[in-house]
Every structure is written in structure tokens, then in C-alpha cells.
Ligand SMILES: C[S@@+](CC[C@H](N)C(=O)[O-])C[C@H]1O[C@@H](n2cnc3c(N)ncnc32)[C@H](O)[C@@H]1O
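We begin with a single chain expressed as C-alpha cells, specifically the form predicted alone.
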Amino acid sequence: MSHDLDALLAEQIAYYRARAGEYDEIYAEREMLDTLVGQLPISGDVLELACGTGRWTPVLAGRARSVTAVDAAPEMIAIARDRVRGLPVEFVTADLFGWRPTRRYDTVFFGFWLSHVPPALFEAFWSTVRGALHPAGRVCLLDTSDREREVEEVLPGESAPAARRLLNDGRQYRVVKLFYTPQELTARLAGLGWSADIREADGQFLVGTAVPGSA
């Protein structure tokens, strides 16, 4: 990984650490997302990647035997812990680009994370996901669609596709940000040996599943 990409990813983590206290503001009027997650085939032992403030973690735990939730921002995890008191959830603080699972799961879920995975690490990330799944397991995902480009401040000339994000206090950070159509993401995953069923929902989100093939 290049020094410039390392710096961009470090800034992305710094952004989410700093944003923890205000992160949930974006969900204030997005009840539809709960419906979309509720429709996903989540079951068994679940691995949640980039769990953030635990917005989806209680939903997952309500349908799972157990949940392991991983995030790089301890400030996010502190909020998530309060959300799931009494539920079968274990938290791990780790950078997802360096972390490796120590067991296998029936479901791997990530919400609004895949669009923050740089192209140079896309294949390695999905290799980690494959290693986390039981042979009959599946990935469930939720993310923004390519229409998000209309509201993002895209930054040219970065080491990976990137956008500028602002905090309420005016601080600015760069984050990795990719914009997929269902067809683009499905094709990209097929090239890595995954069979994906991904659709656009409400004109602005991607939701779907993926299962590994024999490749």
C-alpha cells in the first residue's frame, strides 16, 4: 500500500473517531433502512464489519445466535456497547484492513462500509470476508448507490476515489468513497468468484447478498 493511501485511510479512521457523537444524526429520517436490513437473510453466528455506533447491531443480535462486531473507532464502539446491553454481542476494536477473523460465521454483514474500501484493497478485503464465512454462509450488505455522487464533495487527484466530509464544528476530513451501481458491484464481485444479488432501493441505496463460489 502506498504512503498516500495509508495517509488517506488513517484520515478516514480519524474522521469516524471524531464523528462518533454526531454520527447517528444521518439516520434521523431514514426508517426505510431498518426495513431493508430486516429483509436481509441474517441468521446464525453473525460477523458485523464496521459496526460504527451499533445502529444495526441490535437488529442483527435479535435474529442471530451471536454477533461479533468490529470497528476501528473505539469511540464508535463505546456508543454501540450501550445499545446492546444484555444481547449476545462481542466487540473487537481493529482496523479492518489489518484484522483477520479467528473463527467462521454464518453471516457477514456490513452497512455503509463497502463504498469506503479503496480499489487497491477490494480483493484483499473480500478474501478476508471469504475466510470468515462457513462454506454455506453468506454476505449481507447495505450501502449508498452511485446517486450519492450528487451530494458528495468528490476530491480529484487522491490515491483512491475520495470525498471531503465535514463535522458539525467545521473540521474537515478526507474519506475513501466509491459509487457503485448494482450492475458494477455484481460484476466486480463475479470477477472474484462471488455470486451476488444486489438491487437499488429507494433510488439511493444498494442492498443485497453475496455467496462465494469455488474460485
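Counting begins at 1, following the sequence as shown. Everything numeric here is computed off the predicted structure, so don't read it as measured data.
FYI, the form predicted together with this ligand isn't displayed, but the following is about it.
Undergrad: Taking heavy atoms only, is Ala72 within 4.5 angstroms of this ligand in the predicted bound form?
TA: So Ala72 counts as contacting this ligand.
Undergrad: At 4.5 Å between heavy atoms, is Ala160 in contact with this ligand in the predicted bound form?
TA: It does not: once this ligand is placed as it appears in the predicted bound form, Ala160 has no heavy atom within 4.5 Å of it.
Undergrad: Is there a non-hydrogen atom of His116 within 4.5 angstroms of a non-hydrogen atom of this ligand in the predicted bound form?
TA: Yes.
Undergrad: Is Ala50 near this ligand? Define near as a heavy atom within 4.5 Å, in the predicted bound form.
TA: Yes, Ala50 lies within 4.5 Å of this ligand in the predicted bound form.
Undergrad: Want to guess which of 55-63, 148-156, 180-188, 38-46 is within 4.5 Å of this ligand in the predicted bound form, heavy atoms only?
TA: It is the stretch 55-63.
Undergrad: State the residue from Trp126, Phe112, Phe91, Tyr105 whose non-hydrogen atoms include one within 4.5 Å of this ligand in the predicted bound form.
TA: That would be Phe112.
Undergrad: Taking this ligand in the predicted bound form, would Tyr23, Met76 and Phe97 all count as contacting it (heavy atom within 4.5 Å)?
TA: Yes, the whole candidate spot contacts this ligand.
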